[in-house]
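Shown here is one chain on its own, the form predicted on its own, set out as structure tokens.
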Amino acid sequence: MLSKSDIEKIKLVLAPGTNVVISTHKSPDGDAIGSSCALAMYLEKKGCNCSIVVPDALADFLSFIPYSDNIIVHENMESKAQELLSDSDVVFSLDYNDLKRAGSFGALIADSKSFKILIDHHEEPNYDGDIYYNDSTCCSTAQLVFDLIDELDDLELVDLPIAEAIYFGLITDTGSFRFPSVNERTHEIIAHFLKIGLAHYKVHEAIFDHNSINRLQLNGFAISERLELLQNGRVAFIWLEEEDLKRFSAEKGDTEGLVNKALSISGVQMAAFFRSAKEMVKISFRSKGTVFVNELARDHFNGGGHKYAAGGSSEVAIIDTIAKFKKVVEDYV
């Protein structure tokens, strides 16, 4: 819950005509884009001038989200993004707890004189702002955006496009409502959306029925050729090199969900996915039960995140990164 003082401040700084920039993290996912688009559509109904700036390109399946075609990609339109930030009165930081996660655009936000508002559900925020709406027990930033609208007494402004954007974020960040962070409030929000006419199945289709032949073949190769088990079957991991991605003409988002397939194996408590990307290795971690991956990501792989879902990176070769993982994973499982 926001304090009454924070609510009044937000109402004051978001007067009609206010220039707002909404930012999110690198390699934005469904929660990042869903929550950002929902917030932008809501604020425009309030009379604000909104722009969404993301550090890098979006995966194709995210284009389903209403308002996403208005997003500015910083790495492609640096001058435009900087101009919007310079003209902004308010900057929202969504779905990240440290400006470093927003790449070079995060550094620009840090220097900005705009009023800064954080909306996020990751642990241990490291953010120098004016208002913090942070709840690490919440299942998604999309849920926090809905709660913000509710606390500002504006639920009547939530229409179907806003509902679709929030629902997209809820699905993707909860693993289709499977994680322990899902609670009665999550389902109350969904019930509200159904009452106003949300076609929930269309959102599911946009997320899960959006495969190309190349993506399916890449996933099949990864599972059949690059899946390994450790710790007597308690740990599973998948890895792909740049050559594998080129072989299957992989596009951004084509490896989304591979780590969850590894976690779905009976008896597996922790899963990881390693992907070569230019001069680094990107890593996704997932877990369940009493095994937590946020500390593993933070302590050994320059990352962090939630207890059951985290990310990291490595600047050494993928084979060396996997060797390190095999060595340190014993301490966490």
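All residue numbers are counted from 1 along the displayed sequence. Being a predicted model, the structure only gives us computed values, none of them experimental.
Keep in mind the form predicted together with a small molecule is missing from the figure; the text below concerns it.
Contact with the small molecule in the model of the complex, judged by any heavy atom within 4.5 Å, is made by just one of 116, 74, 122, 215: 122. Note on the interface: of 280-288, 61-69, 261-269, 33-41, the segment with non-hydrogen atoms within 4.5 angstroms of the small molecule in the model of the complex is 280-288. Heavy atoms of residue 309 reach within 4.5 Å of the small molecule in the model of the complex, making it an interface residue. In the model of the complex, at least one heavy atom of residue 303 sits within 4.5 Å of the small molecule.
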